[in-house]
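Below you'll find only one chain, the form predicted on its own, shown as structure tokens.
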Amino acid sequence: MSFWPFQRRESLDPGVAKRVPPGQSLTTKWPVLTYGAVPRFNPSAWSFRCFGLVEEEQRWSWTEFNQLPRTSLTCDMHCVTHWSRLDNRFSGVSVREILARVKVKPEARYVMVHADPDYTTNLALADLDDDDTLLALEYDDQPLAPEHGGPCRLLVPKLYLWKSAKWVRGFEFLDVNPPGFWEQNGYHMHADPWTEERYSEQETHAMQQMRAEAARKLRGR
């Protein structure tokens, strides 16, 4: 299938349309949407850390992280800016592989995801602890490109793509659910694309119109 640049959900074959959430358009391109500059990767300084409500903090160097068991995932991705991309092939370390090695305390219910340079996003532990979440290192059998989150990107395909943090560096386990970067700026705390959880209830109608206009301009490029 080839959709260039975007094809609205309503115009798709029914078999394809059922995989595309409401309000989305399908593309085979992979738009690059990044707040700020792409951080530089230094393998000797990189680490992945699990901390907070755990029995003992865990940390992996880049070498150690690459020695963890690998798994593959084919998933659909849905961006809050109204584009969707199907059948994306990734490989990396399953999030459950990490959780199995971390003794998370029973009171932990949420996770703050930390990423370079200073990005955060919040998730329910139940959404993170699933068989379709991945710490992606490769895309189509090639190292994940820096502009798409390489060397390591979190993938949570069931939620809008801002929850799939680029340049991820750690999980902080919590018993409260504070907002991350985009959540503090009006985005939804949960982000289910199938119910269009794009923005918080507190966001004004004017701001929603501004964001919708920005998305229309992006689709028109």
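Numbering starts at 1 and runs along the sequence shown. The structure presented is a predicted model; accordingly, all values stated were derived computationally and were not measured.
The discussion below concerns the form predicted in complex with a small molecule, not included here.
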Seminar exercise, completed: Checking Cys50, Leu53, Leu161, Met189 against the small molecule in the model of the complex, the residue with a non-hydrogen atom inside 4.5 angstroms turns out to be Leu161
Seminar exercise, completed: Residue within 4.5 Å of the small molecule in the model of the complex by heavy atom, from Phe173, Trp46, Phe65, Trp182, is Trp182
Seminar exercise, completed: Here the chain appears without its partner; judged in the model of the complex, the stretch of 67 to 75, 102 to 110, 116 to 124, 132 to 140 with heavy atoms within 4.5 Å of the small molecule is 116 to 124
Problem set entry | 4.5 angstroms heavy atom contact with the small molecule in the model of the complex for Arg96 | no
Exercise. Would Cys79 count as touching the small molecule in the model of the complex under a 4.5 Å heavy atom rule?
Worked result: yes
For this session: Give a yes or no for His148: in the model of the complex, does one of its heavy atoms lie within 4.5 Å of a heavy atom belonging to the small molecule?
Result: yes
For this session: Answer yes if any heavy atom of Phe41 is within 4.5 Å of a heavy atom of the small molecule in the model of the complex; otherwise answer no.
Result: no
